[in-house]
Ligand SMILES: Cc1cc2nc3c(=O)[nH]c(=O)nc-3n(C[C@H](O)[C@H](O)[C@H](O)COP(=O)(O)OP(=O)(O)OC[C@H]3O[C@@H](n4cnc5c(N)ncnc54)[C@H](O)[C@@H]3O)c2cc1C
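Before any questions on how it binds or moves, here is one chain, the form predicted alone, in structure tokens.
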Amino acid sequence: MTGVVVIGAGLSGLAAACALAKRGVPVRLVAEGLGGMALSQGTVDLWGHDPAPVARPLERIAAAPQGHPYRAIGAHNVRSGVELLLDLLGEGFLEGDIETNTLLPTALGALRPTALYPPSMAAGAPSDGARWALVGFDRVRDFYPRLAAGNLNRTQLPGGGFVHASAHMLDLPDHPLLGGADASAMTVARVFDQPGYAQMVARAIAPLVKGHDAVGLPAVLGATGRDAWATLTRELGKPVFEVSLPPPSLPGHRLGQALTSRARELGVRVALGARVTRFTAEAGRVIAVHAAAAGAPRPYRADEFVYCPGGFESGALTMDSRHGIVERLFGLPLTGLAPVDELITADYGARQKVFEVGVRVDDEMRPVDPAGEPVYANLRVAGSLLGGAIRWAEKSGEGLALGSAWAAVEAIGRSAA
């Protein structure tokens, strides 16, 4: 095999590229940007809502309905994809149990189910009677502890009972890097990485959290590592947990950076800022994809291609002014298409079927036409482009990304054998 080109630097693209590189396959990863992991919570959601909370995600995946992409992927590939991720990140980056979901608080005071999560979030798993102090920072937007505490105090836990949360606001100690009145999550995180800053914050928090079992803080405790979180836990003498914020998410950014670095360590040739604009095909096989470059498009040739471009959020799926939806690069057939009044309804709270539109694949992750025949024999699709699921509503995004990436890599291995 001369190599594989992976298109897209999100979770599915990076996972596929790393898995191939670990097998000794030459891999080129081509992407327009850094991928969408900063839009995630930095957790691994396998299946969280259906629409009620799901306790055992792999069991739910194994019973996925016809037309859902998990039917093609299979629970065994999801499990293998998650094991790949844990191996790539190393011990201690994520914890939890892929068999059983854990509830963790959000900035709105909701409890969201997830399978794996950073250790800095672990102490936020609720229990009846737990006394939490939620502390917001004056420079941090999108975390209002009174709102979060009020909603948490009204939320009954699945096994019965409630947590008891109190709300506090803290003026962060001044630092030259903080700049103006508001600061981005990344700016605050970089300040927390400065020597001695976490200790200063801990001293200011300590009087606010006496008599509480744990302390919840916005997820800004360090740009890359866990030093600030560990320091705050040690200095306060009680568990500290990060509360996920609306995107862009710092824990999601940490995950993306860690996987991108791991891909480079494994020898993946990463080309960012390369928008793939067209392709060449012969006899039912993709020969090359062409990325925009100064002077003329640059071709990337390979034996196999793994396409992980995202969905509507990345522009891989587009809707025109007449509500026609297309996949922009390969023109792949789409499933879930319907008249616009069926795809998008006036009921804001309804399940909007437009988000189920996407590419249908076989169990080799090859895109198929309406008759079920592969469109291109050596093209695999993984991640958010797959149709039949509303990932954000189901809380299934990472499971679909990792499972489809692993299934694509396995299929490539079989085709080369």
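This structure is a prediction, so every number in the text was calculated from the model and none was measured. A residue's number is simply how far along the shown sequence it sits, counting from 1.
The same protein has a further form, the form predicted together with this ligand, not shown here; the description that follows concerns it.
| message | in the predicted bound form, is there a heavy atom of this ligand that lies within 4.5 Å of any heavy atom of Arg275, even though the partner is absent here? | response | Yes.
| Pro370 within 4.5 Å of this ligand in the predicted bound form, heavy atoms | No, Pro370 stays farther than 4.5 Å from this ligand in the predicted bound form.
| said: At 4.5 Å between heavy atoms, is Pro309 in contact with this ligand in the predicted bound form? | reply: So Pro309 counts as contacting this ligand.
| task | Considering only heavy atoms, tell me if Arg391 and this ligand come within 4.5 Å of each other in the predicted bound form. | result | Yes, contact at 4.5 Å.
| said: Each of Gly109, Ser120 and Ser244 having a non-hydrogen atom within 4.5 Å of this ligand in the predicted bound form: is that the case here? | reply: Not a single listed residue reaches this ligand in the predicted bound form, so no.
| said: Counting any heavy atom within 4.5 Å as contact, can you tell me which stretch out of 359 to 367, 383 to 391, 60 to 68, 345 to 353 lines this ligand in the predicted bound form? | reply: Only one stretch passes the 4.5 Å heavy-atom test: 383 to 391.
| task | Note that this ligand is not shown here; using its position in the predicted bound form, name the residues of 393 to 408 with a heavy atom within 4.5 Å of it, in sequence order. | result | Those in contact are Lys395, Ser396, Gly397, Glu398, Ala401.
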